[in-house]
Structure formats: C-alpha cells, structure tokens
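In structure tokens, one chain follows: the form predicted on its own.
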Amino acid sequence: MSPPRAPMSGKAIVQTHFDRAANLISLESYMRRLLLCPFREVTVELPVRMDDGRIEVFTGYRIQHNGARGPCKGGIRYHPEADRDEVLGLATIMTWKTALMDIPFGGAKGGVTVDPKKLSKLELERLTRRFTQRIAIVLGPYRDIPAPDVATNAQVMAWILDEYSSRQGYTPAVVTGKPVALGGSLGREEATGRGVMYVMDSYAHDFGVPLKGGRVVIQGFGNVGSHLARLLDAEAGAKVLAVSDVSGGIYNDKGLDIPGLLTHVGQGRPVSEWAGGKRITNEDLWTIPCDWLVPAALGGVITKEANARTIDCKVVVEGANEPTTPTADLILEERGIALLPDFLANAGGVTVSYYEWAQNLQQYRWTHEQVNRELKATITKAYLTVRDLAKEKAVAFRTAAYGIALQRVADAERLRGN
C-alpha cells in the first residue's frame, strides 16, 4: 500500500492556477518570474513569557508579495500549521485579490505558528505585541497594512495598533479590522461574509441558480461562515441547511434557525451541540445535496482524494482561501459544478479594509449604509468583469479572475519600468 500523499502547499496551489492564467493572457516569461517571486520575506522568532513564568519561543512570518499597485495588504493568522509556504501562497493571493477588486494595494500575509486556543488572553497579547515589535520595520500606512485572518480579530488588531503607535505616534491607518472605537470601519467585521453573499446574488441572477429559497451548506462557522449564514437567512431569503465547525456539524432539511444557532455559538458552545438539527460529521457535510456549497474555514478541504467526486451541489463558493486543490478544480469542472473562486468571492474583507484605511487617512467616518453600498458596487463590478472574460475565452471563473488580476499587476510593473 502506497503512503498517503502530502497535501499540496499553498504556494504550489497558487502556482498551478497562475500558470493556467498566464498562458491565457500570453504573459512573458520574465514577467511570470517577477510576479511569482515575493518582494520581501521576514521570519522572526518570538520569545513570549507565559503566565507560569516560563519562556516559549514561537515563529512568525510576514511576506510582502508585490507592491506595484500600492502598499501591501493582508491578514495575520495564528494557527499551529502556519508556515512559510502557506503564508507565501496567501500573500500571493492577496496581490491578485486587490488587483481584481481594482483597489490600490499589493499583497502581503502574516502568520504565527501557534495554537491560540492554548494561550490565555494575556499570553496572546504578549505574543501579538512581540510579533508587532519584530515586524514593525516593514509595516506602515503606505508600506504594509495588516488585518485579521484565521484566529485573529479586532482585539488583536487593537494590540498591533497600540504597539506600533507607541513607537511611531498614533497611526490608525497601519492596521485594519480594528474595533470601531479605535478607528475601525462600520461593516468591517461582516464584510467578507457580505461580499460572498453579493457574489452569490450576482451569479444567481445570471445563471438561474436560486438564492432566495436556495439550499445552502456552509463549512466553517467562524467570522465568514457565521456572518454569511446570518445575512443569507435575514436578507437573501436563502435556506441554510447545514453548518459546521471543528467539532462537527448540524443539519436540518427544513433550514436551520440561524438566529438561535448564533445565540448558541455566542455562548461559547460548539455547533454540533445545538439541539436545532441532526448532528453530522464534518465528512457528512460534503455529501448533503444543495444549490450552494460554501467552504468558509481553512484551505485544502476539497480534494480529489476526499470529496471532489461526491460533492452534490450546483455551485461551490470559496469563502475561505485556497479551499479547493487544482486537481479537484478540474474534477468539479468536468462534473459541471460551477466554482466562484476565493479571491473574487471572499474579497469583501480586503475591500472594506481599503475603505477603513481611506477613512483613517481622511479622519472621516462613513456610515454603515455607505460602506455596504460601496462594497456591493466594487465586488459586483469585479464579478461582471470575470463573468465576461470567462464567457469570451470559454474558461472557468478562476482562470478568468487570475487573468484579469495578472494583467493589471503586470501592467503596473511595466509602467514602473520592469
């Protein structure tokens, strides 16, 4: 029996998608190399004093992939499997995501190899402040602007703001996803989930897959999945059949009571312990017949080996980054299952981060309604551009989205003299 294959790295996934799109737009060989190589990589060691007095040392990364179109932008994740390849792959995606949304940023990403669930709040704060100290030299409102990602949130961003500002003076635009009381934008916390809903709505109108009354399954019930479920239920009139978290999932063929489930999870209890549906495993979730399947947790969850041939949906909507491997991509395409790619579908977060950054620089706050209105206009415009190129070139949405983004970044590099 042959040993199991190692999962494909984030870097390898990005390069595979990149090659397909580069061929589509006939990108020169020197530009391919230029656009794949990161501008700067920083690896830091983070000694942190734990509550019991001992010192633990963690490893952190900040990778700036490309800044041709503006300051680098990207989240920071705390996860035990965060490593250099994952962070590089995510930084690269951020370059394409900001280009596709046509907002004036490049791409970056950060990560610390740590299980945040094993840290107290004070330990988490010490870790965050130490990480900020070590990477502060590459940060700045016109250089690199972090944001929340997996297992980080507005509180973590507040600590980064305070630590950076203690050395540079009050600098709210150095980080986004902050608490509103510290210069954060209204609508930022829900922005990624809201952006996913807007893309689903646009696709539904174009291709006749029902959203109002449509059957939705969501894998992951963190920031993206929970806000998406709430918005689909309250605003789009969709029927959310099943959701899951690391503990397992819950399923109700008549549709889940999302407000009740949100109250349950808000009390710190796992999804699988909720009484409003049938308990299912995380593996079962992928087999539920539905119109829309939304992976909204970590990457690499839809694969040839696990579930690409058994998923039963009309559209996969990538709420997470890199949830589908390139091989699984092709299998879904062969099966006639449409896919809305991550850096189109989940770009609401970075788009509203751009609005937050702009508000901080102007010292002027937008209303919640203005934020949502601008987000819908920006992400719908990007969707239409992708849809039209996909139709013109007879390619998948992901290849079209990559092609548009690569062309914009390549044009910026050429104009700068590269």
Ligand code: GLU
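Sequential numbering from 1, following the sequence displayed. Worth saying up front: this structure is predicted, and the values here are computed from it rather than measured.
Below, we turn to the form predicted together with the named molecule, even though it does not appear here.
> Does any part of I379 reach within 4.5 Å of the named molecule in the model of the complex? Heavy atoms only, please.
Output for I379 is no: heavy atoms all beyond 4.5 Å of the named molecule.
> Is the gap between G75 and the named molecule in the model of the complex 4.5 Å or less for some heavy atom pair?
Result yes; G75 sits at the interface with the named molecule in the model of the complex.
> Does T176 reach the named molecule in the model of the complex, with heavy atoms at most 4.5 Å apart?
Yes, T176 sits close enough to the named molecule in the model of the complex that at least one of its heavy atoms falls within 4.5 Å.
> Does at least one non-hydrogen atom of V350 fall within 4.5 angstroms of the named molecule in the model of the complex?
Result yes; V350 sits at the interface with the named molecule in the model of the complex.
> To test your reading of this chain, name the stretch in 214 to 222, 287 to 295, 90 to 98, 333 to 341 whose heavy atoms come within 4.5 Å of the named molecule in the model of the complex.
Within 4.5 Å of the partner lies stretch 90 to 98.
> Report the residue, out of N321, S185, T128, S244, that has at least one non-hydrogen atom within 4.5 angstroms of the named molecule in the model of the complex.
Of N321, S185, T128, S244, the residue with a heavy atom within 4.5 Å of the named molecule in the model of the complex is N321.
> Which of these residues, V112, M200, I250, A147, gets a heavy atom within 4.5 Å of the named molecule in the model of the complex?
Here the answer is residue option A147.
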